[in-house]
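What follows is a single chain, given as structure tokens, in the form predicted on its own.
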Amino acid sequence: MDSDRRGQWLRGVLDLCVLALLRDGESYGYQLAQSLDAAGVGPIQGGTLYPVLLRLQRTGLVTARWREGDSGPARKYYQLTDDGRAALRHGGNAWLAFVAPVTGIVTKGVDG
């Protein structure tokens, strides 16, 4: 059940996490997956991440462009748009407003 719960939570915030990772500059899918894992979100498979990136691109929150690799195949790099930055601010504030009371409730349940 814990992996099911984690998957449900992740589906709700993965867009926001990707936008936040792109805040400081462009990145490609594998690099984003590594950053998510390093941040403690856990391993994210391409079948989960790439549809999110495509949706963000289609909605105008990120742009994408192919760039030749120094050693290896070309990579698709994603970059935040102005609309993406606005969505990150709005979504980030909404997430923080949501998670604070949930944390308070859960903390009382765990401590008590």
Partner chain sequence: MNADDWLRAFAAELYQRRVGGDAARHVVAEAATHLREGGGDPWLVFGSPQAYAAAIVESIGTAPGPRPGPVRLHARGITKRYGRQVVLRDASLTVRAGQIAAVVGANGCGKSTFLRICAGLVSPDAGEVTVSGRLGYCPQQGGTADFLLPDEHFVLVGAGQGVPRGPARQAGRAAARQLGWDAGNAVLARHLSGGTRQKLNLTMSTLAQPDVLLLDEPYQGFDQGSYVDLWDQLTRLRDEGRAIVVVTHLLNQLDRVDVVLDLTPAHQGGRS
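Just so it is clear, the structure is predicted and the values come from calculations on it, not from any experiment. Residue numbers count along the first chain shown, from 1.
Not pictured, yet referred to below: the form predicted together with the partner chain.
Within 4.5 Å of the partner chain in the predicted complex, a heavy atom is found for all three of Tyr30, Pro51 and Pro73. Not displayed here, the partner chain is kept clear of Arg85 by more than 4.5 Å at the level of heavy atoms in the predicted complex. For Gly40, no non-hydrogen atom is located within 4.5 Å of the partner chain in the predicted complex, even though that partner is not displayed. Using a 4.5 Å cut-off on any heavy atom, the residues of 35-51 that reach the partner chain in the predicted complex are, in sequence order, Gln45, Gly46, Gly47, Tyr50, Pro51.
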